[in-house]
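Single chain ahead, by itself, as structure tokens, in the form predicted alone.
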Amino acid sequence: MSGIDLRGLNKSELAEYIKSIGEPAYRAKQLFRHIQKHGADDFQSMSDLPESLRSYLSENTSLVMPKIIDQQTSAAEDTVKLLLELADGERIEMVLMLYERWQAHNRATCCVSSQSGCAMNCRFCATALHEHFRNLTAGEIVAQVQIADKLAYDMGFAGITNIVYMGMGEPLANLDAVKKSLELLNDEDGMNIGMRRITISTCGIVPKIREMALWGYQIGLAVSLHAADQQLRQKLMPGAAHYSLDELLDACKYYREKSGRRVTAEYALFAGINDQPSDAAKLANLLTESDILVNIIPANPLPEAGIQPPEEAVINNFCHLLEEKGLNVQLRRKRGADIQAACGQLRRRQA
């Protein structure tokens, strides 16, 4: 890889660069569309640019595009997991989820990684097993969506419709790159993904949630809760429990007020850990006045940590108890567990 990665530049940055090398301003818009709308990874394919400019860019800049190392498709053929290698040899995983729907447009969701590991050290997450990792750049995040977009087309869908920052890493620990990537993906001259079709999932970094609220973007916010009392949450999510549950809920309320978007609380059920009626009662008491949607997720097995999902009857009873208390509950359908592509299973390994 040589020079600056143009995939991570927004319009103004690209315009400044084009100006600095003595090219006319309109070349920046041409280049931006090639990179962001069409996912170009080769300057020579940009036939509307002069040969001299293409050669200069090839020698002095780069278009970082991760290499696909491994690809796995679930038995249901509705989930695809990709193992990608970045330019410096770091590896990440990303997931494509396909939804065929009656009486509505089909949906293709890309689950992107924002880091090549994670420092939150959640006890139920395979990503936390990696000791060495780094933040991804905006260009590396955008590239994941572009790869997924082409794959979705190949599988008969009309490209990516939705994006969730729920892959490897804590997005709010790499917030500048995440913000820049979603602005690039939202740009009308790029992939033009609507802000309301983008969701960021976080363990609950309170100051960063409040910072997001001031962006003025209608992005979905999902907060990983997984426990309704501070002591258990600190045990399950040691890196995320620096803030009290009251502080976290206040930040969620602030985000709701500023963005106009309802916040989702992610609650994974772990057998014998947080799945009892008493846990449901605590969760109901915590969230009754919050207008938060509760997303119940049967845990995906992580043998190294002794994590297993509860029995189906326990799951159904837990949801029923929450609904009796007036909470809006959604039970998430499992996808991709057979290829280690479900929540908490990403760990950058080959099959």
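The first residue of the shown sequence is 1; numbering continues from there. No experiment lies behind these values; they were computed from the predicted model shown.
Note that the form predicted together with a small molecule isn't included here; everything after this is about it.
The partner is not drawn, yet in the model of the complex one stretch among 180-188, 246-254, 151-159, 224-232 has residues with heavy atoms inside 4.5 Å of the small molecule: 224-232.
Heavy atoms of residue 135 never reach within 4.5 Å of the small molecule in the model of the complex, leaving it off the interface. When the small molecule is considered in the model of the complex, residue 217 lies well away from it, no heavy atom lying within 4.5 Å.
Although the partner is absent here, residue 297 lies within 4.5 Å of the small molecule in the model of the complex, judged by heavy atoms. The closest heavy atom approach of residue 259 to the small molecule in the model of the complex falls outside 4.5 Å. Put simply, of 201, 174, 72, 116 only one has a heavy atom within 4.5 Å of the small molecule in the model of the complex, and it is 201.
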